[in-house]
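Only one chain is shown below, in structure tokens, and it's the form predicted alone.
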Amino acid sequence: MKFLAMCSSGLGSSFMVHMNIDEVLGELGVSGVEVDHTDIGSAGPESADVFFVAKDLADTAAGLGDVVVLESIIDKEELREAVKAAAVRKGLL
């Protein structure tokens, strides 16, 4: 199982979301999920099971599969709810 955070460059904001996803998964007691980050141009449908993007990239990410669109990448409560919902969808909780 892989969760992938994406931004336009694959550096700053996606790395921050990646670290926060790791933290939330730990808080939820979910293990066995690989978390990574990349630029959106490098991602394809096979790159991950769940993709996390900011709302400005929602249209670009639309064809990737299970895409979670974050209204605010700095809102940890929003991310917590999104990660929990993704974990439930994927049978991890």
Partner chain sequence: MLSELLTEEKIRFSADRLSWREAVTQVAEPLLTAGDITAEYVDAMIASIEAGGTYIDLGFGIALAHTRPEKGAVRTSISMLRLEEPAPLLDQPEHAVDLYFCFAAVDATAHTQAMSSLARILSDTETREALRAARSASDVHRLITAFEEKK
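Residue numbers count along the first chain shown, from 1. All values reported here derive from a predicted model rather than from experimental measurement.
Missing here is the form predicted together with its partner chain; even so, the following discussion is about that form.
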Residue 81 within 4.5 Å of its partner chain in the predicted bound form, heavy atoms: no
4.5 Å heavy atom contact, residue 27 and its partner chain in the predicted bound form: no
Contact test in the predicted bound form: residue 23 vs its partner chain, heavy atoms, 4.5 Å: yes
Proximity of residue 19 to its partner chain in the predicted bound form, heavy atoms at 4.5 Å: yes
Non-hydrogen atom within 4.5 Å of its partner chain in the predicted bound form for each of 11, 56 and 76: yes
